[in-house]
Structures are given as C-alpha cells and as structure tokens.
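Single chain ahead, written as structure tokens, the form predicted alone.
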C-alpha cells in the first residue's frame, strides 16, 4: 500500500512545491516573452525593479498586497470549512459601500471614531453579503460556488444603481460620490512616518496594511487556537464526524461564510477610505478572484497568504512598469503572466506533487526484531 504524504517533510509541501509551480509558470512566461521578441531576463529585471526597486514602487506593491491579504484570508477561512467562496468581489464591493456610507455620513467627526466605525461597517456589509449564500448552502443545499458567483453580479449591479441614481455628486456625470471629509481618510503610511521623522516615498499605501496584518494574526489564532476554529476545520474535513462530535454544521457553514465575507469587505477600507476617498465603480479590480490563487499558493495559512499576496502585489505593480518600458509586452501580456501563475498554483497545483513526494519521501522505520 502506498504511503501518504505524511511520510514527506512538511517543508516540501508547504514551500518547495509552491516554489516549483512558480518557477514553472515563469519558465512558460519566459517562452511567451521570447516569442514576442523581448529578452526574458531583461523583462524579469524590469518586473523586479518596477515592483521593489524604489520607494514609490514598494509602496504600490504593498498597497496591492494588502488587498490580496484580505481576499486570500477570506478564501482560506471558507476553504477550511469545506467551502469554496468565489464571491470575494461582491463582498469587497459591499464592504466598500459600508465604509463609504460611514465616510459620507460622519464627515468632520474625529478620526478615532470614524475609522473604527468604517472598518466595522465594511466587515458587517461584507459579512451580510456572504451570509445569504452561506444560509442557502446550509439550509437549502444551494451550491456555494454558484450563489457566490451570482452575488458578484448582483453586487456590481447594485453599486451601479446606487452611484448613478443615489450617491452621485450633484452636477457631474461620472458615477461617483462626493469626496469624503479628510478627517475620515485612512492615514497614509508616508504621512504617519513623517510625524516621527522618517521620510518615505509617497504612495497609496495606508494604515490598512496594519489592519491586514492584525487580521492575519487573528485568523491564525481563530483557526488553530480556539474551539470555534477547531469546529470549523472539523466540518471542513468530515461533516459526518463533526455531527458525531456534537458540532452543528449548519451554524459552522453560515458562520464561516460570514467571517469570510467580513474579511473580503475590508478591501473596501483599503481602496475607498485609504486611496480613492469616495465611492466609485470597479474599485475591487479583480482582487477577489486573485485572492483564490493567493490562498491556494499560500496553502490557506496566514503566513503563506501574506507571502503570496506580496508576490501578486509585485506582479501588479511590476507588470505596469513592464508594459510601460517594453512596448511589445502590453497589458494583456502581463495578464497572461499573472494567469500562468494562477494556473500553475491552482489548476496545475498537483502537477509536480507525485514526483516531489516520491523524491523526498522518508524511508519507513525498520520493524523491531523478533525475540
């Protein structure tokens, strides 16, 4: 009988396999770049320098990574409960609506009151939007993948209606709200650093990055250090065993989806309160879908998710520089490179697994000698 992957060192599955998948994706991308007539090594250098080569680029990379941390954590929490939440886009949309309403309504209030309320509103709106598919899955058996995809479209339509007919700034045609009062803006990191005498390049990076790190620690504590997290993981592994152990899967499924939606809703805090300072359309920018790849590549663990989010943040920022410095590598080519990484870290995630497991599998312990 073949031995399980338990006979393989943990670092092989947690670190080496994602690295091999990533290198394979970059190798295919290099072939595509060479076919287009550009030097793959030069393109890689431009990508790296554009993402991490100077202060402003680092700020943009971390700004994008913050969004990916939120959506990656959202996918991971649902995944540990045996659910595949593809509704991060819609939940982030509603999270942005929640914190945007706080910014519009409480302009001029002290930031110490407005900002915590904005974070709370983003989480509540995102949780409410994910609660409905969770309830339908737990109570009616509606598949979570279908309902969350549908709710993405409903959220987009709802935001379009609200910004065109309700929140649009009087006297303009662009579907966006008026700008929030500066007292309700999430502070920029370069401004906070300047107050203590540290000079940092200007960028949209704001204190939402601290919220993302706190959320990562909170998810780790919740999943692996609390009884509720244990119940969630048990339901995800074996629902029948969970019922036998006295765990109610219905409550766990609904609660997991609500928590997942709350995490995705925090994207609105980073994008709306921290960058745009107004309600606009399409501020999610595909973060909810990329969060799926971030969670898969990060092995649904907060540490891995933070590292994978940093990678995709670098791809977002460096990709913009790549299309600017190398005209043949258009924005669509950058999307292809990102898609290859998602493909190898997602659909092809198990392509190299059997060979790596066979290569690093430990030898069985010798059987004790008979007397």
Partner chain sequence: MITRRQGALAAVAAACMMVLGAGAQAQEFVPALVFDMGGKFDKSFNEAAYSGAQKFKKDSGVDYREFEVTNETQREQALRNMARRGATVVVAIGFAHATPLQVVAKEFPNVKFTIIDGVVDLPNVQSVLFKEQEGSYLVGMLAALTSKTGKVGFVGGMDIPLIRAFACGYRQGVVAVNPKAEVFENMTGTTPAAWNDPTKGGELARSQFDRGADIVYAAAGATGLGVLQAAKDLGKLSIGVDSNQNHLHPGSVLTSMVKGVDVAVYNAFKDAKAGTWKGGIQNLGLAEKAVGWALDDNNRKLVSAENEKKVNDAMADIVSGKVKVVDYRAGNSCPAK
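Positions refer to the first chain, counted from 1. This structure is a prediction, so every number in the text was calculated from the model and none was measured.
What follows is about the form predicted in complex with the partner chain, which we do not show.
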message: the partner chain is absent from this chain, but in the model of the complex, do 13, 183 and 289 each have a non-hydrogen atom within 4.5 Å of it?
response: no
- line: Checking 168, 86, 231, 128 against the partner chain in the model of the complex, the residue with a non-hydrogen atom inside 4.5 angstroms turns out to be 168
- request: State the residue from 213, 113, 241, 156 whose non-hydrogen atoms include one within 4.5 Å of the partner chain in the model of the complex.
  value: 156
field: Contact flag, residue 280 vs the partner chain in the model of the complex, heavy atom cut 4.5 Å
entry: yes
field: 4.5 angstroms heavy atom contact with the partner chain in the model of the complex for residue 276
entry: yes
- prompt: Taking heavy atoms and a 4.5 Å cut-off, does residue 202 contact the partner chain in the model of the complex?
  reply: yes
query: How about residue 321: is it within 4.5 Å of the partner chain in the model of the complex, going by heavy atoms?
result: yes
message: Only one of these stretches, 170 to 178, 255 to 263, 98 to 106, 296 to 304, has heavy atoms within 4.5 Å of the partner chain in the model of the complex; which one is it?
response: 170 to 178
- request: Sequence order please: the residues of 40 to 65 with a heavy atom within 4.5 Å of the partner chain in the model of the complex.
  value: 45, 49, 52, 53, 54, 56, 58, 60, 63, 64
